[in-house]
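Take a look at this single chain, the form predicted alone, given in structure tokens.
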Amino acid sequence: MMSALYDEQYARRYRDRDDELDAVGSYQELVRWIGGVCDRFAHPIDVLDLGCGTGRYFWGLRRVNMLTGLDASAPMLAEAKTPTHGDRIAAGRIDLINGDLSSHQFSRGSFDLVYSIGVLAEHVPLNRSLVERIAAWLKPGGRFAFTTVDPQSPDVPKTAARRIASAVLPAVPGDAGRRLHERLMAGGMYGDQRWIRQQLEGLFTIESLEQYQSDVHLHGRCVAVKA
């Protein structure tokens, strides 16, 4: 299981890294971004962090009633009990849940905001099944905010087959083009803007969709409202 990779030693190193990120511009940009998503609501909100890890982004949230963090790694959640900038976390209550993002269920209409940073289309597939479950968990007018790794990221291996497929994709029509695109996205382990739009179609209205460069990857970044 992937959760077994994130043992106590890994979680401790990851948490130590949290305290060093204030000097990293792309991290600060993500903190501002998720705070700005919170500001799109006219009322205090209930929030779910999918794949919360050590609670790296908890302090960026604003006007939160209840914050729920879901992660498959118990050691990471243990570190999330004392997250970075804990004195700046604006949440009335925090619940940490050890569970698998791909199978865990919440009650319908539980959250105003579901967000996931550095997890979807990176460690866990972004696919239609997951998007349908997230839509069900959201209240009417709720938002889904997330990042992906774009397949054009410099760190993604550019095999000859991948380069050729990327070059011919715009000219491949219909189902053949869809299948080729799905292969390039590795079934949701990467996510370009076309893939994001396909997974959200009919369930969400996209408010913003853009690329941004972190210190590690080229990413997609999306905010969408439940349709």
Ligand SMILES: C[S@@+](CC[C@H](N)C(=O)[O-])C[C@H]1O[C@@H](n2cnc3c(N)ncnc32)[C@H](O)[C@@H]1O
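Residue positions are given as counts along the sequence shown, with the first one as 1. Not measured: the values here are computed from a predicted model.
Heads up, the form predicted in complex with this ligand isn't pictured, but that's what we're talking about next.
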Notebook entry, point to check: So in the predicted complex, does any heavy atom of residue 53 sit within 4.5 Å of this ligand?
Noted result: yes
Item checked: residue 155: touches this ligand in the predicted complex, heavy atom cutoff 4.5 angstroms -> no
Next item on the list: Report whether the minimum heavy atom distance between residue 85 and this ligand in the predicted complex is within 4.5 Å.
Entry: no
Next item on the list: Spell out, yes or no, whether the shortest heavy atom distance between residue 212 and this ligand in the predicted complex is within 4.5 Å.
Entry: no
Next item on the list: Note which of 96, 89, 135, 124 lies within 4.5 Å of this ligand in the predicted complex, where distance is taken over heavy atoms; exactly one does.
Entry: 124
Check: With the partner absent here, would 14, 71 and 119 each sit within 4.5 Å of this ligand in the predicted complex, counting heavy atoms only?
Finding: yes
Note to self: To test your reading of this chain, name the stretch in 177-185, 194-202, 59-67, 44-52 whose heavy atoms come within 4.5 Å of this ligand in the predicted complex.
What the structure shows: 44-52
